[in-house]
Every structure is written in structure tokens, then in C-alpha cells.
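In the form predicted on its own, a lone chain appears below as C-alpha cells.
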Amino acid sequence: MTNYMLLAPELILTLVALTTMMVGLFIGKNKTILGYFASIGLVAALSLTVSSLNANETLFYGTLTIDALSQFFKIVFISVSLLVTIASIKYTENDQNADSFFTLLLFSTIGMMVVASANDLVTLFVGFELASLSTYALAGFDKKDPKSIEAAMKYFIIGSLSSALMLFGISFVYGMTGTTSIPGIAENAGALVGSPVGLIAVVMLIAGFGFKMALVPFHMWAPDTYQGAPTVVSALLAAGSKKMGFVAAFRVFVVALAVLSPTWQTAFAILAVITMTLGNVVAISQTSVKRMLAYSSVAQAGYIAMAFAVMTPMAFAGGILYTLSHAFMKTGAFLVVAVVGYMVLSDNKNAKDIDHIDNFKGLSKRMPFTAFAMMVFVFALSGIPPTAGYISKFVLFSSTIEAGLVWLAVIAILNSAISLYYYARVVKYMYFLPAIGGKVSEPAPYAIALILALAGVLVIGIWPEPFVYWAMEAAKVLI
């Protein structure tokens, strides 16, 4: 008998989102309680998802699947959303539209979770659109800031283009195989082999997913959007919605289009090299920390894309583990930028460019814990032990070497070395330059979110065994 209770996390978040939206209509100016309510809902959803890590079930005539891969990525999405929601309690404390913010945040999370479980291309597309439409609005949430409106417009236009390309690719696959079911496509994918239509479908799908994953040259929206969007939303986009593209690509390319792997493996290898290299090189010259983190996020996408080029169980496990590690590292780094922005505005309400690197001068003296957290996050992103970034890169890079792609691993290692330069520059500003202003206390919501993100980065790095095991179990779904 089908166990529909496996969808309890999605149902809980849907109920919480609808309740948040309705209750918000009757609450006065202070809507802070809605952030706490959303956080409780996310904690409940996370607990239920963790409890069903070993599930293996298909629902609704095979359109949804609950397995180790879907559950792993749902943990990633819910974790990021929880951190962002907690931090947003402070961000939205005086905002009349706080109810809309948390409702959109929850619906974007539900969309990501649908994508993680999608076993049909139509379901996959619907999940993408639910998550994307919500994040378009979130990116432009600060309507008084022209940069936020610009970020939303660019994100919407490029996102719409990527959806169109993805839909074109899906239509070609459906036309040749006669089904939108991912297992069904895998059975009939022979019709695509050696066909010009098959090649066009692969190109369209790579482009469509490439935009979602921010792979070069499909990354052009990411730096402007991440910089212009509210910082808490940037954290959601970089650490959450980008991973949605990866889990979808795992399902479509590795499971459905495995017979075409000689075609797309080479493409992903080239994209991985270009993406990690351009992301790291361009990040060096950035003076905006948000923009630097945006290009850093592009480079990180290049590392994860290596898994598609290597195509071994351990490489998939490394790529999957990297998505979890990156979720904590990148969310934490963006939240630090949000805290610094709060500090700058507390000094000067009319301050501009609050994410400029000069604002990090002497941060260790003004906000010791925030500075320490940022140091851990950036060192984790560069792969310094004992952090989540180190263990993730070790698994992924070593699997690349074992597969005989030594050249790809060498390029990735060199790129990690390059990234140390601009990460270390942030540490230099925080610890070795004089502070401007007195000591400031972090608001409680930001502090709690940073503590949780810091715990995630350090626990995965110091005690990696269970996380590597879960990642390997998730990778088995793909082989």
C-alpha cells in the first residue's frame, strides 16, 4: 500500500505557508511571530524528512519518487530555508509585507522539494516554476532599492529564457520517446542515440539546467541578482535554488539520458573547467563581498559539475555531499554580509554600498563572533580542513583522479588555490586592519542562524562518516 505520509513535509510547509498568508492579513504592524511560526514548520518538515531517509516509494502514478536522493536534497533545501527564515525575522521586523516574504519563502522551498522528488518531466517543470516564481518576487522584495528591482528583472528574464530552453528540450525528448516519465525515457532513450533531435535535446537541456545551476556561459544573471537582491534572499538563491538545478540534472541526464552520456559527459567536463576558472578569476577583482560570493558560487557550481564528467558512484557521492556542504558554507557567508550590513546601517542609516569590503575592516574587534564565523566559512569554501568544504572536495577530487581524469582534478585543485587569495583578503580586512567604530552586538536571529550554519560546516568536516554514507546511498539511486 502506498505510504502518502512520506509527503508530510511538503504538506506541513504548504499548510504553514497558507496559514502565514491568511494570518498576516489580520496582524498589525509587528509580524515577527510569523517568522517564528515558519521556522517551527521548517523544523518539523526537516525532522520528518530525516526520519524517512531510507524510504523508497513512488507516488501518484509514478510522477513522484521518495528515495535517498530526493530526501538528501530536501534536507539541503529545508536547511537553507530554515537558516534564511531565522535570519529574516530580523530583516522583516519592521516590514508590513513580512507575511508575503515568509509565504513566498515557504512556497519556493516546496517547489524545490517537488523538483527533488520529480520522476516525470512535467512534474519537474511545475516544481521549477513554483520555486522560480517565488524567488523572482523575493529578489525584488526591497522595492525602495533600484538594485533589488534590477536584480528581480534580470533574474525573471533569464529565468524565463532558461525555462523556455528546458521546455524545448523536454518536448524533443517526449517526441522521440513518447513519454515524460523519467524511467520511461530511460527505457526508450535508444531512439535519441545517433539522432540530430537527440543532440538538440541534450543541448537545450544543458542550456536550460545550466542557467539554473549558474554554469558559464549561462551564469550572467547570478552576480547582478545576488548583489541586488536582499542579502538573505541572495543566501537562498546561492545555497538553495541553485541546488534544485543539480538534483534535476542528476535525474534527467544520469537516469533518463544515460545512453547519451558520451555526448553530455564531455560537455559537462568543459563547462566545469570554464565555470570554476572564470568564477575564481573574476572573484579576485571584486570589491563588493556579495558580488565576490556570487562569483565564488559560480566557481563552486563548476566543482559540483565535475560529477557529471566523471560518472562514477563515488563522484556522484562527492557532488551530492558538496551540495550539502555548500549549503551551510554559502548561506553562512551571505548571512555574515547581512549582519555587517546591519552594523553599517546602525552607524549610518544613509550608508551606501553596505556590502563593500571596506566595511569588513576590523570586524574582529566590532563583532568577534561574526568575524570568526566568516573566517570559517571562507576557509571552508576554499577547502581548508577540518571543514565541510575540505571533506567534500577530497571525496570529489579523489574520485576524479581514480576515474583517470587527473587533468580535471589538477585544474580543480589549482582553482581552489586561486580562491584562497580572495578569501584570505576578507580575513585580512577582518583581523589585520583597524576597526572603524565601536563594538556592536549581533541581533539574536542573525546570531542563531550563524551558529547553526557554523555547526553544519564544522560537524560535517570533523565527523564526516554519516554524511558521506548518506551521500553514497543517494548516489546509488543514480547508478
Partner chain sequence: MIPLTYYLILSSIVFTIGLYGIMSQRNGVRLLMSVELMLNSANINLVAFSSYNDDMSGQVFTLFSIALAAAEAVIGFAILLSIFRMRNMINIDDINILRW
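For clarity, every value in this text was computed on a predicted model and none was experimentally measured. Positions refer to the first chain, counted from 1.
One more form of this protein should be noted, the form predicted in complex with the partner chain, which is absent from this view; the next part is about it.
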property: In the predicted bound form, the residue from Ser79, Asn280, Gln227, Ser382 that sits within 4.5 Å of the partner chain by heavy atoms; result: Gln227
property: Heavy atom within 4.5 Å of the partner chain in the predicted bound form - the one residue of Phe168, Phe372, Tyr342, Tyr390 that qualifies; result: Phe168
property: Partner-facing stretch of 128-136, 235-243, 306-314, 329-337, counted where any non-hydrogen atom is within 4.5 angstroms of the partner chain in the predicted bound form; result: 128-136
property: Lys90 within 4.5 Å of the partner chain in the predicted bound form, heavy atoms; result: no
property: In the predicted bound form, Phe172 touching the partner chain (heavy atom, 4.5 Å); result: yes
property: Contact of Lys352 with the partner chain in the predicted bound form (heavy atom, 4.5 Å); result: no
property: Residue contact check: Lys361 to the partner chain in the predicted bound form, 4.5 Å heavy atom; result: no
property: Residues from 280-303 in contact with the partner chain (non-hydrogen atom within 4.5 Å) in the predicted bound form; result: Val282, Gln286, Arg291, Tyr295
